[in-house]
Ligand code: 2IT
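Single chain ahead, written as structure tokens, the form predicted on its own.
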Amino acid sequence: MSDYTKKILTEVKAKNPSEPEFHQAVDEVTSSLEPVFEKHPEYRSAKILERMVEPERVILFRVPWMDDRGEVHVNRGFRIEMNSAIGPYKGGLRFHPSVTLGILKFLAFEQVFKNSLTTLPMGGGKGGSDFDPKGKSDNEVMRYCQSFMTELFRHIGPDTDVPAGDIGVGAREIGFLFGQYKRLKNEFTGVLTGKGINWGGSLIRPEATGFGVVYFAQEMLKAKGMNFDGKIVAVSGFGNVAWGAVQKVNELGGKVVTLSGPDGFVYDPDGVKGEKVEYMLKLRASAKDEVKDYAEKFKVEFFPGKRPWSIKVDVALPCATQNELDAEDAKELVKNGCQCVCEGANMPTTIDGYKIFKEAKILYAPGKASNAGGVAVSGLEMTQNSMRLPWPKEEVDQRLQQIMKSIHDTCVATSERFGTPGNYLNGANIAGFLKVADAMLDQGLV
């Protein structure tokens, strides 16, 4: 790492103490950008990276709400509006007890690069709350969402900031949030994505991130003369991303043999297919946040407290959460002959895990490239809202596949252009940075 990038990382850590995930995200990006600053000193002199690591706006607010027993609770709400150089802020809302300012800054920073790669005009943002919807009644969730939006509404809009769902924010929560926005603003606009199909949503949005990660992995395999046909695949998680990934792997001839949750993972050697895919929806609807019930229902092995990376597979798709795949997990995958790791979650691989894959020369794609399918279809939903015209499922899926192929090809071409051929991480970081950096230069000191 050069003195310049070292200095930036040191300053980020000093200004943002106790935010390790944000430090990790900045470290990963700055490490890739050194050849860019050598070729383009104008970015360095304009302090582009220093500006990109600083959010344009951080909104923090209290969210008071009342439970069904009449007891008042107070949670924290956040919105990080990170960068709007290429379009309105775009990124999800996460409702989970683990939500902190640092987690959301890491996600917003990643979102800037991810959205840049989609080719769509979207800036980067992220938001959420430490509220836990698990175990709450529909009425409690509704009251919480209404209180949350009563503050957030003044900071968002279809041409300003367009939130979406994320962990803990699904169709139910988006509906309640949208209803309150509509009531407060007295207008029906595409201010949120992930909406219901009957009121402005896009087909295949719930599956989009999972579909996208498999489309990206397919392009990686294709570049090496392979495909998914007959491949054994490990998937982590069991939410929307995992659900979409399982469907698309099955469609392309592969076999998913694992799912996971906070309680452990299941190993299903016959494959997650047929009624088992539909059962994933029941698991989610149960609000238990566990996969043990899958093992009991389908009589397969359950590994409590473990992650699925010890199973011998050809392809690994981490689709759960950040830092779920560390150096030891990476060694296990390499030892067992894994050929491709394609991230469906945001930053699920630790820096040390990535180093193991790099040394072993395993195909590896970072989430900012490979999990961009969700926000890509969110962007397509925004387009449909602006046109007041819904597209059929086949058209949305085709556009998604084209976008993921374009991201893949851009990563490959950019990594070659800057002297690291085959390095998808460098290709994604550099390509995402260049588009935003050039827009910032064009727009002056903003």
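From 1 onward, residues are counted along the sequence shown. Bear in mind the structure is a predicted one, so any value in this text is a computation, not a measurement.
Note that the form predicted together with (2Z)-2-iminopentanedioic acid (2IT) isn't included here; everything after this is about it.
Undergrad: Is G201 close enough to touch (2Z)-2-iminopentanedioic acid (2IT) in the model of the complex, meaning at least one heavy atom pair within 4.5 Å?
TA: No, no contact at 4.5 Å.
Undergrad: Does (2Z)-2-iminopentanedioic acid (2IT) get within 4.5 angstroms of any non-hydrogen atom of V375 in the model of the complex?
TA: Result yes; V375 sits at the interface with (2Z)-2-iminopentanedioic acid (2IT) in the model of the complex.
Undergrad: Give a yes or no for Q218: in the model of the complex, does one of its heavy atoms lie within 4.5 Å of a heavy atom belonging to (2Z)-2-iminopentanedioic acid (2IT)?
TA: Q218: no contact with (2Z)-2-iminopentanedioic acid (2IT) in the model of the complex.
Undergrad: Is C340 one of the residues lying within 4.5 Å of (2Z)-2-iminopentanedioic acid (2IT) in the model of the complex, judged by heavy atom distances?
TA: Outside the cut-off, so no.
Undergrad: Taking (2Z)-2-iminopentanedioic acid (2IT) in the model of the complex as the reference, which of A85, V266, I311, A164 has a non-hydrogen atom within 4.5 Å?
TA: After the contact test, the surviving option is A164.
Undergrad: Can you work out which of Q111, T258, T349, S129 has a heavy atom no more than 4.5 Å from (2Z)-2-iminopentanedioic acid (2IT) in the model of the complex?
TA: Of Q111, T258, T349, S129, the residue with a heavy atom within 4.5 Å of (2Z)-2-iminopentanedioic acid (2IT) in the model of the complex is Q111.
Undergrad: Picking from 293-301, 143-151, 219-227, 90-98, which part of the chain touches (2Z)-2-iminopentanedioic acid (2IT) in the model of the complex when contact means heavy atoms within 4.5 Å?
TA: Looking at the other structure, the answer is 90-98.
Undergrad: For the stretch 181-208, return the residues whose heavy atoms include at least one within 4.5 Å of (2Z)-2-iminopentanedioic acid (2IT) in the model of the complex, in the order they occur.
TA: If the 4.5 Å heavy-atom criterion is applied to (2Z)-2-iminopentanedioic acid (2IT) in the model of the complex, 181-208 yields T193, R205.
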